[in-house]
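One chain comes next, on its own, written out as structure tokens in the form predicted alone.
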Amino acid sequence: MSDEKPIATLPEGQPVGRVIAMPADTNPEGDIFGGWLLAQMDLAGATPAFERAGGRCATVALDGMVFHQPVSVGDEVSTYAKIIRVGRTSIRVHVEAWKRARGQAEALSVRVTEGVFTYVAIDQDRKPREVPLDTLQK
């Protein structure tokens, strides 16, 4: 956690989700639990991975996770995702989560966390399959 002023930057990637942080999502200190935020980011990263793979994907790794700011109850959390690499069966997606105090539409959004998720395209038997070459990347 940092007391630094937010840097005026813009999210990278496509907007994927928006949710309000609720009291049930807090840790014992009253901040939003990091695991809840991680789950929101995993869902966000799966969206472009699913589109690029043309079907089902499984999360196999997360690296480079950084928490920049805490999230509070009532904050609006928006997620953004951008494919950064496509392999034979895998897709790496950079995901950012941004917060804005609820009810403050003109307030500056602040990046609260980011990470790189790796998804593997899987078939109906949950075995790795090749990512189609002809699937359009969004």
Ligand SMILES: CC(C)(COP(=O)(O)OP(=O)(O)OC[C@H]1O[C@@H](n2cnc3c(N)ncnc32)[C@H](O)[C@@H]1OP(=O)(O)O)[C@@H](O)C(=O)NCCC(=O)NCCS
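What you see is a predicted model; the values in this text were computed from it and never measured. One rule holds for the numbers: they count along the sequence shown, beginning at 1.
Just so it is clear, the following notes concern the form predicted in complex with this ligand, a form of the same protein that is not shown.
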Only one of L43, L108, V60, V73 comes within 4.5 Å of this ligand in the predicted complex by heavy atoms, so just point that one out.
V60
Please pick, from S78, T47, Q69, S90, the one residue with any non-hydrogen atom lying within 4.5 angstroms of this ligand in the predicted complex.
S90
Is A21 close enough to touch this ligand in the predicted complex, meaning at least one heavy atom pair within 4.5 Å?
no
Using heavy atoms and a 4.5 Å limit, would one call G17 a contact residue for this ligand in the predicted complex?
no
Does each of N27, G30 and L37 have at least one heavy atom within 4.5 Å of this ligand in the predicted complex?
no
